[in-house]
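One chain comes next, on its own, written out as structure tokens in the form predicted alone.
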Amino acid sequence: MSNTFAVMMKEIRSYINSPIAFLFSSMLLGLIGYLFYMDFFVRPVADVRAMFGTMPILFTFFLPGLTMRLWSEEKKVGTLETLLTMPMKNYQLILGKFFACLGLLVATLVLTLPIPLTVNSLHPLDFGPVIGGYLGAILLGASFIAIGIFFSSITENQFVAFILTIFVGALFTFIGLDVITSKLPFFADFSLLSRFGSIAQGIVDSKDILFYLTFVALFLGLNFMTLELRRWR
């Protein structure tokens, strides 16, 4: 665990010492706030569904920008080989990078708390869906981060990793749209969007949690395989 923590802190410092963390958090918060209040002042309903409703789309395009450099940059500057020769397990390197990204996302989500608190001051909220929404957002974000880390591990071109992550993330998200699931209902079982929608309504089903954890484990496992192959070249 100490190695995982060391890698995580290294990545967090890297984010903080560059404009990445500031740009990611400020732009994501700005868009979440703008889209929420634009909807809030139009609808005569005091809830925060609009805030969580924007997150799948925003995560699709923002989180790849956070993950695209994680392995690609190590390859480009030639530090990956040094990392692989250090007394660390591959899973420790992967988890360290994963939790660094997830930590930045969670910190950004915490900064959105004034939105539900403000709404609650105007009209009492049902905090079940609010808690479910944040839980769903963390699980959804973790899924996009896992996809991004994997694609960053197979190319040294950050732009290619960015595009591949958007494509695959969008695929697993938008197959859950009503226009698709109405004709192909089984797609809902594999959609990040469908699972998120259920949790964000306050319906926390263990099957949805297990789906997200399995999804994250799958892509982190693929990342593990790419590093193992590189070690043995």
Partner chain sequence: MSAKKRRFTSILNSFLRAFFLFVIFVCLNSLIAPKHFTRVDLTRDKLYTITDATKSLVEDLSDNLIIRGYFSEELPHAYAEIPIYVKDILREYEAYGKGRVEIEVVDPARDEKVREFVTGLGIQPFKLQDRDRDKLVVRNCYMSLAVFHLDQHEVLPDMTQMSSLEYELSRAIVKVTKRSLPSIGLLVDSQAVAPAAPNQQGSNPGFSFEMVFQTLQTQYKVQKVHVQSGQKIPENIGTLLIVRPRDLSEREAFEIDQFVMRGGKLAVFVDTVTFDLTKNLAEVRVQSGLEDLLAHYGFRVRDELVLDENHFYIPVLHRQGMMQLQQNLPYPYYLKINKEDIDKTNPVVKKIGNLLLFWASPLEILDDQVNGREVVELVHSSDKAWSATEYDNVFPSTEGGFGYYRRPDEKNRESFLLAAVQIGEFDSFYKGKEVPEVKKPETPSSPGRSGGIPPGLQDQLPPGFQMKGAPGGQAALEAAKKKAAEAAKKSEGLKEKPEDPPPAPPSSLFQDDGPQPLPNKDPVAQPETQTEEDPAHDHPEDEASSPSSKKPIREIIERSPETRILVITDADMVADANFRNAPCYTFVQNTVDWMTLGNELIEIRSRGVEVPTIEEVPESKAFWIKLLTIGGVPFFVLALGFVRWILRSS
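Positions refer to the first chain, counted from 1. None of these values were measured; they are calculated from a predicted model.
Missing here is the form predicted in complex with its partner chain; even so, the following discussion is about that form.
Contact annotation for the candidate site: G65, I180 and L184 all lie away from its partner chain in the model of the complex (no heavy atom within 4.5 Å).
Taking the partner from elsewhere, P87 is found to have every heavy atom lying beyond 4.5 Å of its partner chain in the model of the complex. In the model of the complex, its partner chain sits within 4.5 Å of a heavy atom of L218.
In the model of the complex, its partner chain stays beyond 4.5 Å of every heavy atom belonging to G103.
Contact annotation for E81: none of its heavy atoms lies within 4.5 Å of its partner chain in the model of the complex.
Note that among 108-116, 90-98, 139-147, 154-162, the stretch whose heavy atoms approach its partner chain to within 4.5 Å in the model of the complex is 108-116. Residues of 209-225 lying near its partner chain in the model of the complex, listed in sequence order, are L210, F211, T214, F215, A217, L218, G221, L222, F224, M225, the criterion being any heavy atom within 4.5 Å.
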